[in-house]
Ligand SMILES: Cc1cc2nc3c(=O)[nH]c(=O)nc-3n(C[C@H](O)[C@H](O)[C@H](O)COP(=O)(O)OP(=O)(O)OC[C@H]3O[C@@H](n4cnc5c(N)ncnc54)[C@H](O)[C@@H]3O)c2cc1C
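A single chain, nothing else alongside it, follows as structure tokens in the form predicted on its own.
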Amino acid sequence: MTLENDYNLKKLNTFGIEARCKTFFEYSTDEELFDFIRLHKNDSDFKFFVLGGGSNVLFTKDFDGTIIHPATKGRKIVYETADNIFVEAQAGEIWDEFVEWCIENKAYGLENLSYIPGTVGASAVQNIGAYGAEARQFIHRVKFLHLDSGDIQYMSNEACCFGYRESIFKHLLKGKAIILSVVYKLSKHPSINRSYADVEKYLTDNKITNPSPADIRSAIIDIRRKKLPEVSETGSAGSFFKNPVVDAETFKALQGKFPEIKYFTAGANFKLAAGWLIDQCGLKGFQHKGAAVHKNQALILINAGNATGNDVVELSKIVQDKVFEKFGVKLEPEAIII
């Protein structure tokens, strides 16, 4: 357990932004968390934010409260059926290490979510997704501490109200719940998801005709390393904006004007590729103060050198304005701005 005042958060957010918090609390066991919450939850000025890997957070100022950082570790197979393996991971587990462990233990499904920075707890809060997969497809149950009651509670997949980068933990239970662990329902039988063109190209280039889940993981890691900046070298929060979803009428009008527009179907609606929209505005590599649009992937905003959080926010607004001016489409941040 670690408890410190006036703590520097620069190494705990992947943007590498200078920010401090009033109090920093890191716990290695759930019992340490329970004790800390019992001591402080009735304090009139108790304000907290749970910070895992800091890979989807942008600090624009110091945090006048307590940063709670889960460092709990543990992965196990809970039970099995003829077709499925149910695996549980503690909230502080590193997400990509968990994905690798699942594949090694012949529990399949998460391979397209490889190499996403962050923790297991955050995967359920954010409903992380990439390359044709989302966490909600595999989450079976979430275990959490409910701060109002002080009880440990369990929530089924359906009750989590998962949406596109959304969950009940970002809305109804925001500030009221701290995730302790997540159970994933995975398959014993590989179901290869090669729907993305980049994945298919990797398999073709490497002459892989019958890919395994490990091959898909290798493909995703290779693609992400080539397209996205390593956060250890260049500060970012991954995809800064959500891919905007528009109705069929809006999409038809846009496609008529921009025949090459990149999109994905989303039920009766259409999800537009935000990176493509930004790129068409000529913003790749565009820099504003200490922040910039990544030169290889327009969906990524980066710390180009000693950026402040407000530099990044100002850049994001420039990007939003340019995209709206050209396409009439509003981009919404995926990153949590504090």
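This is a predicted model, so every value here is computed, not measured. Note that residue numbering begins at 1 and tracks the sequence as displayed.
Just so it is clear, the following notes concern the form predicted together with the ligand, a form of the same protein that is not shown.
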With a 4.5 Å heavy atom cut-off to the ligand in the predicted bound form, the contacting stretch among 99-107, 78-86, 177-185, 243-251 is 177-185
inquiry  = Even though the partner isn't displayed, in the predicted bound form is residue 216 close enough to the ligand, meaning a heavy atom within 4.5 Å?
reply    = no
Practice task
Flag residue 281 as yes or no: does it have a non-hydrogen atom within 4.5 angstroms of any non-hydrogen atom of the ligand in the predicted bound form?
Solution key: no
Heavy atoms within 4.5 Å of the ligand in the predicted bound form: does residue 211 have any? no
Contact label in the predicted bound form: residue 49 to the ligand, heavy atom within 4.5 Å
yes
Margin query: in the predicted bound form, does every one of 16, 221 and 297 come within 4.5 Å of the ligand, counting any heavy atom?
Written below: no
Checked 237-255 against the ligand in the predicted bound form; residues with a heavy atom within 4.5 Å, sequence order, are 237, 238
